[in-house]
Ligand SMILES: NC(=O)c1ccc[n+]([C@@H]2O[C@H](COP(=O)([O-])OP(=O)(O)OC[C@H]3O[C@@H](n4cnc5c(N)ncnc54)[C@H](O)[C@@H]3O)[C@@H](O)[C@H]2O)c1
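A single chain comes next, written as structure tokens; it is the form predicted alone.
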Amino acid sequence: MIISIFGLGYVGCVGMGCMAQSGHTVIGVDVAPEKVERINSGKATIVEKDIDELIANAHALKLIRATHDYKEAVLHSDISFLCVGTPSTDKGHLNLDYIYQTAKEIGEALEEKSTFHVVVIRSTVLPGTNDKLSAIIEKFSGKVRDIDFAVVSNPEFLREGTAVADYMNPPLTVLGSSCSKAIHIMQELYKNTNSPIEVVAVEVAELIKYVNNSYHALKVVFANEVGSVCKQLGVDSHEVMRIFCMDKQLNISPYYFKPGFAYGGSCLPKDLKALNTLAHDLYMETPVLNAIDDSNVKHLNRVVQMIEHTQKRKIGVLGLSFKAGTDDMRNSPIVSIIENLSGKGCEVRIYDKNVALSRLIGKNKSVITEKLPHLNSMLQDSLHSVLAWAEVLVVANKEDEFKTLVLSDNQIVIDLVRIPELEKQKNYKGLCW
């Protein structure tokens, strides 16, 4: 394929070298004369492992060149990659002026072109940018999106220092577009890349890079806070984190990475509080660790707000223990929700096949005594009776019997744990999806 790349900085230069290595012809476009001159001399525009050799080899094979002429680049290519900068403004917003200007230029060029053209957004942009870019190109080209051209969101996952290796062996390739023809062309372009290709909604493709990098920043800060606590205790922090990273079932896995209800149970709240208390006793500031519980409480508040927003008073709660398949109510987040609703005058009835008042002992019994002294009047033996009575059903854990609920047209279901079978219900509301 013949490819044009707008922006010959980090992402653009690496893309140029790697695509040329795969046998594609690449035309670079940049407003900076020195970058155009370097590419046309067979030199990279950045300092990065292996890129000098790739650019030099591609130049020698006449697979790459650079120009200031955006029209010439678009008219002589099949795909245009947008790799221009999206810097932050003083207030933290993205400055998308460069990418919108590039879209205008591509639109002007496409006015003179009769064949289908794919525009690929590699720059990091927020949701909605793909749609706005398409509108700009339509305006300046007079062409119709998804018929004469299409815009594909294809975020990059490159790390400085290993960018060439990352390009050739990415963890995955993400593609988002409203045009199936453009997706097929991009799948063909990436067919030899050693990674799965994930075709997703445009908005998912636009947002994922921000989620990735925010999490990477969180990991750095988390490890540093743990390391600081370890140092004060005289504990080897690298050994602690080495052991932490060995757990691939929970610590480094997809297990907890599913938006849902707040955490609870006997371990997470207790141990987090203990670590925070330890840091406090050492006169240390650990703002990330301190913020975890506060964020969890705010998540619980969202549940209360969702229920209040229904303006209904008869609330049926399905699931009382902190997770399915247990009767453990220690720090069960739904207990706090029920306590809050009762205090606001709501009538609450609860069904949980694993919880029986006659079997409550120890900490479970004290939870009820302290927080839900009237549980005996709330707890029902029959799921059917709660379904028949409630105006709003709050699903708080993933018992199999909740998958087949049959609701009336007037009933509202608020799902805190995401049971896919419930999403077809008429008045379904997910907590954070």
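Numbers for residues come from their place in the sequence shown, where the first is 1. Please read these numbers as outputs of a predicted model, since none were measured by experiment.
Below, we refer to the form predicted in complex with the named molecule, which is not included among the displayed structures.
- Heavy atoms within 4.5 Å of the named molecule in the predicted complex map, among the stretches 135 to 143, 221 to 229, 99 to 107, 189 to 197, onto 99 to 107 alone.
- Among S237, T86, N251, N212, the residue placing a heavy atom within 4.5 Å of the named molecule in the predicted complex is T86.
- This chain is displayed alone, yet in the predicted complex one of I337, V348, L158, A205 has a heavy atom within 4.5 Å of the named molecule; that residue is L158.
- At least one heavy atom of V11 is located within 4.5 Å of the named molecule in the predicted complex.
- In the predicted complex, none of the heavy atoms of L405 sits within 4.5 Å of a heavy atom of the named molecule.
- Put simply, S332 is far from the named molecule in the predicted complex: not one heavy atom of it is within 4.5 Å.
- Proximity of V29 to the named molecule in the predicted complex falls within the 4.5 Å heavy atom cutoff.
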